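Shown next as structure tokens: one chain only, the form predicted alone.
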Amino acid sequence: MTRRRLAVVGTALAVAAAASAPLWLGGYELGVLNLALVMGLLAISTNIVLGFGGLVTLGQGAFFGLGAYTAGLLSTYADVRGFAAVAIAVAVGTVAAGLVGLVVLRSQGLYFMMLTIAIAQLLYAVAFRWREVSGGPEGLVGVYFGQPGDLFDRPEWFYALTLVCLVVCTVIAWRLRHSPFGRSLIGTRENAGKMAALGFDVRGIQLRAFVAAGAIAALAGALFAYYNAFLDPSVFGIDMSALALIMVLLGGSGTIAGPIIGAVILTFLQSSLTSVSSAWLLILGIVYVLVVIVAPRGIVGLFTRGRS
């Protein structure tokens, strides 16, 4: 069986197992898996910028937080919930990514990374201090997808919604990766100077990828708000962006399945370790270092050696 067929069969089995998870997982485990899928969306958005575009970002938490707070504020103050609120959250994340991208993409390398951190920290400060709207450090309580008792108020149905969103965004990432635009984005990652010399609009290519990543991150944030039913400014924090970055590198930067695999592994490890030891961050760091030593291209890289 060829590698492509193996990939198709593996993908089909993974989707089938995920779809049937409510039948064989308990309530707690299903909740952790739901969180892993949400974080998988954030990891996909980070992978578009980092893995496809070669831009090291620690600011995806900015768009994640914007999506989360848009959904939370609409739910709390305007009683707008459900798909309408998610659509507005994605729109806000898309517009914000376009505006931020126009600024941060004027720089490269370390300066780009520092600017993305600065944007996320600025939004964190606004959410922390604007108590009248955001609730400050106390946050927003009672952020629900629908009214209590609605269909998506049930954990298994909300999980199904999250899974559908993840599958759709994975297909989008795959299509982007294998489209002419995706190839030009990867060419920009490999040699931006040569691409510019060939007549490509390097900054425009990077901006479109940045906007697509911002939209997916905002979707992840909105789903996280509904999953958690509570929001505080930490959704903008550098910890959230760094966690997504580690998920991408752990699973395999630039691959399609890698970010999702990294998100699932890291979320379940974090859930398991926090109940075992207070030094879970240290243990998690050791696990990550070992994986990097054994598989420098990520977990997916172990099975795709020799392929671009």
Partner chain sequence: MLRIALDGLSFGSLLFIAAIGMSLSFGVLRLVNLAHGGLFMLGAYLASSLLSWPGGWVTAIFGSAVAVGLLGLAIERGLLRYFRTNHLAQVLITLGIVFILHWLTLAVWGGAPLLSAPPEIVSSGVSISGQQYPVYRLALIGFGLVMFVAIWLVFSRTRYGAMVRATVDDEQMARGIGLRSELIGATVFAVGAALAGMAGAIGLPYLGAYPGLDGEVLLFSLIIIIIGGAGSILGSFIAAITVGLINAFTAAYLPFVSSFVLFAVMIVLLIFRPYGLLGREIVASVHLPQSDGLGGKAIDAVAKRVAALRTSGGQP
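In this text, all values refer to a predicted model and were calculated from it rather than measured experimentally. For clarity, a rigid core is taken as the largest C-alpha set superposing within 1.5 Å between two forms. Positions refer to the first chain, counted from 1.
This next part talks about the form predicted together with the partner chain, which is not shown.
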_With a cut-off of 4.5 Å between heavy atoms, is Gly65 one of the residues that contacts the partner chain in the predicted bound form?_
no
*Looking at the partner-bound form in the predicted bound form, is Ser253 within 4.5 Å of the partner chain by any heavy atom?*
yes
*asked:* Using a 4.5 angstroms cut-off on non-hydrogen atoms, would Gly59 count as touching the partner chain in the predicted bound form?
replied: no
*Can any non-hydrogen atom of Arg177 be found within 4.5 angstroms of the partner chain in the predicted bound form?*
yes
*Let me know the one among Ile238, Val168, Ala160, Ala229 whose heavy atoms come within 4.5 Å of the partner chain in the predicted bound form, would you?*
Ile238
_Quick check on this chain: which one of Leu74, Val86, Met195, Leu140 has a heavy atom within 4.5 Å of the partner chain in the predicted bound form?_
Met195
*From the candidate stretches 229 to 237, 77 to 85, 209 to 217, 196 to 204, select the single one in contact with the partner chain in the predicted bound form, where contact means a heavy atom within 4.5 Å.*
196 to 204
_At 4.5 Å, heavy atom to heavy atom, what parts of 114 to 145 sit next to the partner chain in the predicted bound form? List them in sequence order, or say none._
Met114, Leu115, Ile117, Ala118, Ile119, Gln121, Leu122, Ala125, Val126, Arg129, Trp130, Glu132
*asked:* Once both forms sit on the same rigid core, is the C-alpha displacement of Leu13 at or above 2 Å between this form and the one not shown?
replied: no
*State yes or no: after fitting on the rigid core, is the Cα displacement of Ile293 between this form and the one not shown at least 2 Å?*
yes
